[in-house]
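Before any questions on binding or motion, here is one chain by itself as structure tokens, the form predicted on its own.
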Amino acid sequence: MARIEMFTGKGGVGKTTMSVATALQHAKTGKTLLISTDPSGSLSEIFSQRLDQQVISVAHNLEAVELTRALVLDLWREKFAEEIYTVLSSFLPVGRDIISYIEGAPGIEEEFMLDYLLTKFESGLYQTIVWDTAPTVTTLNLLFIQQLFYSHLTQAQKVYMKVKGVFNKVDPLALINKWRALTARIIELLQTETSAWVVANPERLPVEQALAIADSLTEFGIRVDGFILNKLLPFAVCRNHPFWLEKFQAQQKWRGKMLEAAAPRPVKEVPEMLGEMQVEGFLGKISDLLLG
């Protein structure tokens, strides 16, 4: 069975770096898929090829894709648009442009972004799926909207039972139930097959947000494996420079708070590094630190 390992945290703390490094390490032992749902993600730049159209092989045993809004909605149209149009046109004088209107409804993009994740999980092609998520607020919205969507579909089912006489050609209950089952399966996937690492820099806001998102993930039902504290300054470099020594001491203060608050969960520490973010070299070193 595949497993899903997600990386989340405040914007700019290194989620993509940790995701790529982890995916490279997992690819050494089995086929791995790296998915980014971060609208400002940089997978294409890291691997020097366009990844926002489809899944592409980027290294041995490693495939990657950036899920853009355009790609997700294309998949949504392919999977559900015809059914929706059939239902709506059975009782309303609407044209096919109604599909474009529905695409803008709250939750559609998020629902089928996670449907894509579910589809790849159930394909049986991968040993591990590494998920590079959007920054904190967007990720939490993505998760909790599933519960709202499920509740909405449950209410829609009740409404349909009261007005089903209006529908004389098709039965929309089948579509409602199909979406409801999909949402339930997505929630199950997140709560039983997914675990998370929360990434932070050793500063007040990233640390506080990391601890808060860990609480929110736990509330949702996603297991938090631990934290990654990124870009720690080494004392040897800072000790003879007053500015950097002060910055080092500030980092150590928030490192201590993270270690104390995170317990008993582990905190993996990644030092500040020099070099280009490339598969060979920089990312390889981080990969060894995280999983070596």
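Numbers for residues come from their place in the sequence shown, where the first is 1. If you're wondering where the values come from, they're calculated on a predicted model, not measured in any experiment.
What comes next is about the form predicted in complex with a small molecule, which is not displayed.
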Q) T16: heavy atom within 4.5 Å of the small molecule in the model of the complex? A) yes
Q) Would E63 count as touching the small molecule in the model of the complex under a 4.5 Å heavy atom rule? A) no
Q. Does any heavy atom of R255 come within 4.5 Å of a heavy atom of the small molecule in the model of the complex?
A. no
(Q) When the contact criterion is heavy atoms within 4.5 Å, does T37 count as touching the small molecule in the model of the complex? (A) no
Q. Which one, 256 to 264, 241 to 249, 226 to 234, 24 to 32, holds residues whose non-hydrogen atoms are within 4.5 Å of the small molecule in the model of the complex?
A. 226 to 234
